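The chain below stands alone, shown as structure tokens; this is the form predicted alone.
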Amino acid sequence: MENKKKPVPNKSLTDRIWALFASVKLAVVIFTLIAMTSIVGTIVEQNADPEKNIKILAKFFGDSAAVPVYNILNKLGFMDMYHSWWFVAFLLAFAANLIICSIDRLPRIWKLVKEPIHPLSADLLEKTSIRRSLPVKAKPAQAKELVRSAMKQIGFTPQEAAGGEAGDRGDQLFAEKGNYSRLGVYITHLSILVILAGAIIGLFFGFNGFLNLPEGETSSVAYKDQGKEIPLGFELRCDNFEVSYYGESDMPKAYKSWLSVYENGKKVMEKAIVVNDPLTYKGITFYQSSFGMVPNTTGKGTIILKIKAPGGQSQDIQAKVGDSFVIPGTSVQGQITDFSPALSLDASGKPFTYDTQLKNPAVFIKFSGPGMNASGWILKRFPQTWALSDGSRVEFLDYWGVEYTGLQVRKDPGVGIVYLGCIAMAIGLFMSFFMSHRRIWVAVSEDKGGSKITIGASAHRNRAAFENRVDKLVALIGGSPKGGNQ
């Protein structure tokens, strides 16, 4: 007789789509596409001026091909890749693949998780992946108690089945641990979906911007690339800004901004921020990122001095170039006649301004009065220039109102969801790599006036580690792994 093959039923369109999205191969393809496009999105600067990206592309493709390549990438959406429809489609397809893969495989795994452990027959016990046997001199009742105690010592609380129930003449003790560890991979899948959800929420409901805020000024908007305004919903004011330097060099050591938040004309929050210690208000975070001089303000700032007389009297003053002041308790008068944002001396000792930025600010003051007829430069960063010959002291505290603080402004409503997903991923990965579903059966039967102990065990992961624990069980019962392996 001829063997006739049964016809394979035609799958419906729904079944074929389901099978496609349940495929691990599709996951690899989608993940590869996301990775490759992300590389391009990392090389080109997102939402930047065309000139910047053309210069970047010229390094890879040459000057002649840079503009055509830029135009192609721009039409494909790579200049704002993370908001493009196709990139979001990749993310959604990857999410759908994870969901369908999990749904397709979860019922079988869930059955293994929830199915309680049962005693095994002698035949099935011999087929377990880990097997040990040893004789003991104790009677079966005593041997059983010995086994029970040993199982508890290695972390298992055994159940017991009589000989008939176990399918053999002897009794059997059995236990399992870590059955829920089989779900680790699905917790990891869920964590990826949560992270993707948080990322998409951040993409479409958050923003990245910047704000160059001068000292003493207030802004109710931040800016995206190309000058697009982003309303904040409140006002931010820069009360003060300060830079400290390494020694006498011009290398910035730290920079600090004193910021205040206003709503309806009232101050609701204030904070001094530095790098890695931002201000956050209503989900919008302001990071200290840069600083600089406001254009065309040299000589227009407010000079803040602390004047100390020889007798100890002191006074803080605010002045401009050309203003005069009197040292308290004396008749000595000082007049500010010049200012330099960055003062230095040439080889002949003549002062000159070497930079337009506020790197080494100095004021030139003329003093006149009884017993005092002097003039000179007083430098903010060099306190040794503050002392006068009569014991007075003129401290240069600040030159205010000419610098701006450069703030990176970020709103990401999905960041909390991403953190939650990361925590779930850590739990899932720990369960997947460091935990396993471990089951153990120990049969106790009478043998030549003593007892025979037969051990069967299995672990769906980390079998070698579990074998060590089974060997410890053998040693605790009183046998030796040598000669007891089968």
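Quick caveat: nothing in here was measured; it's all calculated off a predicted structure. Residue numbers run from 1 along the displayed sequence. Think of the rigid core as the biggest set of C-alphas that the two forms share within 1.5 Å after superposition.
The protein also exists as the form predicted together with protoporphyrin IX containing FE; that form is not presented, and the subsequent description refers to it.
Stretch 91 to 99 is the contacting one of 91 to 99, 152 to 160, 213 to 221, 311 to 319, since its residues have non-hydrogen atoms within 4.5 Å of protoporphyrin IX containing FE in the predicted complex. In the predicted complex, no heavy atom of Phe367 sits within 4.5 Å of protoporphyrin IX containing FE. At a distance threshold of 4.5 angstroms between non-hydrogen atoms, Tyr186 is in contact with protoporphyrin IX containing FE in the predicted complex. Of the heavy atoms in Lys306, none are within 4.5 Å of protoporphyrin IX containing FE in the predicted complex. At the 4.5 Å threshold, heavy atoms of His118 stay clear of protoporphyrin IX containing FE in the predicted complex, well away from it. Residue Phe31 is the only one of Phe61, Phe31, Phe434, Tyr419 with a heavy atom lying within 4.5 Å of protoporphyrin IX containing FE in the predicted complex. With the partner omitted from this view, the residue of Val294, Ile192, Val415, Ala374 that lies near protoporphyrin IX containing FE in the predicted complex is Ile192 [heavy atom within 4.5 Å].
The partner is not shown here, but in the predicted complex the stretch 23 to 45 reaches within 4.5 angstroms of protoporphyrin IX containing FE through a heavy atom at Ser23, Val24, Ala27, Phe31.
Once both forms are overlaid on the rigid core, the distance between the two CA positions of Ala464 between the shown form and the other one is under 2 angstroms. Once both forms are fitted on their rigid core, the CA atom of Phe31 lies 2 Å or more apart between the shown form and the other one.
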